[in-house]
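Shown below, as structure tokens, is a lone chain in the form predicted on its own; questions about how it binds or moves come after it.
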């Protein structure tokens, strides 16, 4: 039965590939003088950039046309689709919108074109500090950022005068507001066993002075700092500041609870701000925001979530592909994406833009958080080690293992993964 399902899945991928390959060939035959640049993006990004793509195709005079393949909503499915094409050795796509955690894997496999030769030094320096992170591998730049994300702490201005300044304050305020019946939940965050849980842990771990991997790729998940960070996350649930059900929450569930007015605090990404200020939001105008690190005791860090454009090495039109990337990430494009979709700008200049400042009071907080962002470990094996961390964190948050037992297990399994691939312990 599994073999039959596998054959069906493979057949579907091949049919999809042949279909889009046929379309691309047909478009090329329509106008031999036009260079078609084919981009694969997850569905939300394809939708949000559709206006920019239309503008480029309507107004550019360089005989370049952008064709966007609207990939699946699930981002990992987009990566699988891209990899299936790359393994076939075909150049169906010129550009791929790459998540920050994919870059090392793609670059190590030699699937990406280095961009250093195209990027003027001045352009690189105009990027905000956090936006420069996660675009290089082994001292070569392989990606230009479209949007930067970072973990933020949202709080209710109608329930308190200012956000908490320490972990203890967060616990105390959240618990009291819940006890007094002001909210159903105190603090909601991404506690489900998925990548969001790893992102939460990165911020908390940095706050307690620890690191997931050191510069030599040695894991530190059984360190005193890691155990302290994991214990603090557990204490949120044990104290009642966060509900037990938080272990089933991802971004969507967290946002729904907070937007309905059922929580005092929320950890989420910048996109949530625009959602909270829509006309049907129960707490429109009652929300404050700060960097997550403001309540943590140690090193300042806010987990960096970032998407950027990479040129695939199989592309025959790398020069034209870079022109497309520069248009879609220009300051004009960034301004439009912030105003319409709430995408965090990557250019330093735009954080001082008066129009953007008037449009949204969140901009200064985004600038501050972006200046202290921390990336996740940059390794081709990131997916495997993150899965280990998520599994072990979930086991301790649901009381299946003690904190020490779970973190020691996470550390050992991470060492085994890195060692089996020939990486340094």
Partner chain sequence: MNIFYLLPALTLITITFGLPIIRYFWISFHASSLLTGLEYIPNYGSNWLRIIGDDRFWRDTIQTLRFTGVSVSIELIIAILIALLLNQKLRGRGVIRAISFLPWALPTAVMALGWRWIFNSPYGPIDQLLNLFGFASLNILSEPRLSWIGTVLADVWKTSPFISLILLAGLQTIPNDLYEAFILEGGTKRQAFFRITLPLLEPYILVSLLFRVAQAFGVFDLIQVMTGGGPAGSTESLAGYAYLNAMRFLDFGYSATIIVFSFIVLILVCLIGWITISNSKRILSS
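Everything numeric in this text was worked out from a predicted model, so none of it was measured. Positions refer to the first chain, counted from 1.
Below: the form predicted together with its partner chain, not depicted.
Engineer: Heavy atom within 4.5 Å of its partner chain in the predicted bound form: which of 353, 222, 331, 262?
Structural biologist: Contact check passes for 262.
Engineer: Sort through 323, 256, 231, 317 and report the residue having a heavy atom within 4.5 Å of its partner chain in the predicted bound form.
Structural biologist: It is 256 that has a heavy atom within 4.5 Å of the partner.
Engineer: Wondering, does residue 172 line up within 4.5 Å of its partner chain in the predicted bound form on heavy atoms?
Structural biologist: Residue 172 lies outside the contact set for its partner chain.
Engineer: Although its partner chain is absent from this view, report whether residue 384 comes within 4.5 Å of it in the predicted bound form, heavy atoms only.
Structural biologist: Yes, residue 384 lies within 4.5 Å of its partner chain in the predicted bound form.
Engineer: Is it the case that residue 178, even though its partner is missing from this view, gets within 4.5 Å of its partner chain in the predicted bound form, heavy atoms only?
Structural biologist: Residue 178: no, not in contact with its partner chain in the predicted bound form.
Engineer: Would you please decide whether residue 50 lies within 4.5 angstroms of its partner chain in the predicted bound form, comparing each non-hydrogen atom pair?
Structural biologist: Contact check for residue 50: no, nothing within 4.5 Å of its partner chain in the predicted bound form.
Engineer: Please name which of the stretches 33-41, 375-383, 361-369, 50-58 has residues with heavy atoms lying within 4.5 Å of its partner chain in the predicted bound form.
Structural biologist: Result for this chain: 375-383.
Engineer: Residue by residue through 389-413, tell me which have a non-hydrogen atom within 4.5 angstroms of its partner chain in the predicted bound form.
Structural biologist: 391, 394, 395, 398, 400, in sequence order.
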